[in-house]
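Encoded as structure tokens, the following chain is the form predicted alone, with no partner shown.
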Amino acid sequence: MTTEEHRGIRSYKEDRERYAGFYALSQQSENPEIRVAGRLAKFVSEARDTILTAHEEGRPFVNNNYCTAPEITEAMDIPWLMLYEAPFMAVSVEGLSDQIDETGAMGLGTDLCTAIRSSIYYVEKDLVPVPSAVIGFIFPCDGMPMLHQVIKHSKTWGHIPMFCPDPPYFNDDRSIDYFANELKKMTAFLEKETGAKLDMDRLREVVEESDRQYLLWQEYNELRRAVPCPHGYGLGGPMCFAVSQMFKVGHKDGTEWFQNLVDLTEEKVEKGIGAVEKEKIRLFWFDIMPSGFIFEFMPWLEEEFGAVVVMDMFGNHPYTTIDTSDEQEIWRGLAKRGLFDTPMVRQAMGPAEGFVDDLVRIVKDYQIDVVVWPGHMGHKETQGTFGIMREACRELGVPFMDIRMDIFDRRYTTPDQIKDKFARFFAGIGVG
């Protein structure tokens, strides 16, 4: 099979041009916030180009993940892609519903998380370039190992060497030390399979630049506490996550992006300008945003009710900087970040105390009026915390809304049905 015949390569070339076009269009706007948001499209395009260039030059590239220390692959100068990003990026491509339907034709149960089903689809249909090695992402949920089983039985991916860092359950120092050792094993695996070598001085540089991004993100999140909130769903939040943990990990242009975001937001806060003309309801969306129909649903919330998503799961900032003065502390800091701080993993791994602590802190710090629990159908591991969250909100005196939806598939609970739920809920609690 030639390079041009592989669908994954063609898909990445199309993505590279598509996102480059999005970026170019955004830079024509007179609105500086649109230009800042548009730079994320540039970062995606550049990431695609990095993989394509490695492929064309016959150099190794790997699959890695946001919670398995991407700082390491960056420091080793190994191009990397994240297979699990596929369903999230697919929202910009027509035919997502058809792709979801095809996973059923492949024999995958509809009770399996749509993100995992879609990732399996991308492997089976050769829609992602085939890497030289795979770093597995087998946590936080029980469904993730199924994706890796599919990879091992795939005709095109089955021969690829794979290493899966083993995540411990408890959030304690022993777990950090254990996972730090797993990251060291992962690094040895990458060195063997790619020929690249890790230089600790280079890793220190990447981690320090990454820390600068996290500190600016924290500064930005402090600005989001303002009333009115300067941004809703459209800027910040998940974009901060994407820049710092997916597309510009430890890169200076990623840090520059954060600084621009902070500067623009400070100006809005100083002028008292909010995301909407008249903010009425401050929402905490305690899960992933509804990727499958976000641009249809979220503007409706803001325009119809003055309801602004002040904070969400991927916008949450529980991160701490890493002590780079000691080599072992670098490993421990990366382990802590991957196990305890990153979204989804933070919410679904370990005891429920951390989950509830985040909820209580955000409600208080951001003056939340309503906590929204989307209840994504794939997040079964967190369904057991539903009653705990509801009780915590009752004690805080904050209404708790439970939707039950599929954040990718608009047919599971349609946007109109969700809108009706919000309208009735707001009417019932006397807000809006």
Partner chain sequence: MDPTASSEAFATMAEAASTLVNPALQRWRDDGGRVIGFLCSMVPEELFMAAGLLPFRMRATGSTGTDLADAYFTNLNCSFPRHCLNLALEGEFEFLDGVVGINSCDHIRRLYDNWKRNVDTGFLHFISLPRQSGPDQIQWYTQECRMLRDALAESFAVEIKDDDVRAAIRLANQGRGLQRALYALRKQERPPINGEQALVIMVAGTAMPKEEYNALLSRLLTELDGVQGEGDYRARLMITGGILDDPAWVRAVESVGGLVVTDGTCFGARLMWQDIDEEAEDPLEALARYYLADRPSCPRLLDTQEKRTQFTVKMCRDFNCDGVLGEKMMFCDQWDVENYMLDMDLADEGIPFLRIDREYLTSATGQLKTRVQAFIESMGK
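Model, not experiment: these values are computed from the prediction. Positions refer to the first chain, counted from 1.
Beyond the structure shown, there is the form predicted together with its partner chain, which is absent from this document and is the topic of what follows.
Q: I have Phe170, Ala352 and Gln383 flagged as a candidate spot, so tell me whether each of them has a non-hydrogen atom within 4.5 Å of its partner chain in the predicted complex.
A: Checking in the predicted complex: Phe170, Ala352 and Gln383 are all within 4.5 Å of its partner chain.
Q: Its partner chain isn't shown here, but in the predicted complex which of Gln328, Gln218, Gln259, Asn181 has a heavy atom within 4.5 Å of it?
A: Looking at the other structure, the residue within range turns out to be Asn181.
Q: Just one of Leu198, Ile160, Met313, Val150 has a heavy atom within 4.5 Å of its partner chain in the predicted complex. Which one?
A: In short, Val150.
Q: Please determine, with the chain shown alone, which of 333-341, 79-87, 242-250, 108-116 has non-hydrogen atoms within 4.5 Å of its partner chain in the predicted complex.
A: Correct option: 108-116.
Q: Against its partner chain in the predicted complex, would Glu391 count as a contact residue? Criterion: heavy atoms within 4.5 Å.
A: Output for Glu391 is yes: heavy atoms within 4.5 Å of its partner chain.
Q: Hey, in the predicted complex, does Glu222 get a heavy atom within 4.5 angstroms of its partner chain?
A: Result no; Glu222 lies far from its partner chain in the predicted complex.
Q: Closest heavy atom of Lys278 to its partner chain in the predicted complex, within 4.5 Å or not?
A: Contact with its partner chain, no.
Q: So in the predicted complex, does Met377 come within 4.5 Å of its partner chain, heavy atom to heavy atom?
A: It does: once its partner chain is placed as it appears in the predicted complex, Met377 has a heavy atom within 4.5 Å of it.
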